[in-house]
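So this first bit is one chain, no partners, the form predicted alone, shown in structure tokens.
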């Protein structure tokens, strides 16, 4: 589903990622961890196609990111979606309209959009918030809306970059549990986080980055 082979990425001549190689299979839940500046966000951007490798190969589903054409990027974005730390929602729109936005961009008919959005809201326990303006919601609720928007198009891969960075511990755990539920539905989920509490003592694959390199690739992390 996702393959990196000998990947290097440079910014202003400095290697942010160095000789990174790994594969993630369909349906895996993987945490990417490491200190600030280790290259976690850059790695996710390469998967999403908002950055491209300077050396090596990145393959996502059937796309070769090293040579992808610009006109193919919208097709890639149907396969892989991104959940950001700062939500990136339209604060002036309702919850319903924020979630419906990707479907409207794709040209779906309104009569088809409504039941799909309401079903996602129901699954995420947000049905009662459908008509609420986003700016009135708590941080945890806004992140749930961002996740709902990310999965409304039925992507194969969901990426999340520090999705709990602006949330309190209780809301953070709710969000991680939500990603776990999405993963059980067959979606590949990759979460970048510095918070080891989310995967400590659990049977989850953890990729640890240090100074742009894969330092460890393990199914668990010790105390």
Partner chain sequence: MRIHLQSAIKGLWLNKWSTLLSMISIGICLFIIAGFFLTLYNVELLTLRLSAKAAIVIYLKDNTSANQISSIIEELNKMGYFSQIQYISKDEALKEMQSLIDPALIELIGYNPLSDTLEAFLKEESLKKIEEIIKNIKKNKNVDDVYYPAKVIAGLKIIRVTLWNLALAVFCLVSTAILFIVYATIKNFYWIKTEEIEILKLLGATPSYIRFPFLIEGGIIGLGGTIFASGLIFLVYLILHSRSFSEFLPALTKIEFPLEILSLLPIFGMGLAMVSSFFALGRIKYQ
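From a predicted model like this one, the values you see are computed outputs, not experimental measurements. Residue numbers count along the first chain shown, from 1.
One more form of this protein, predicted together with its partner chain, exists but is not displayed; see below.
- The three residues 48, 92 and 101 all sit with a heavy atom within 4.5 Å of its partner chain in the predicted complex.
- This chain appears without its partner; in the predicted complex, the one residue of 70, 177, 67, 184 with a heavy atom within 4.5 Å of its partner chain is 70.
- Contact between residue 149 and its partner chain in the predicted complex is found at the 4.5 Å heavy atom cutoff.
- Within 4.5 Å of any heavy atom of its partner chain in the predicted complex lies no heavy atom of residue 63.
- Contact between residue 115 and its partner chain in the predicted complex is not found at the 4.5 Å heavy atom cutoff.
- Although the partner is absent here, residue 78 is a contact residue: one of its heavy atoms lies within 4.5 angstroms of its partner chain in the predicted complex.
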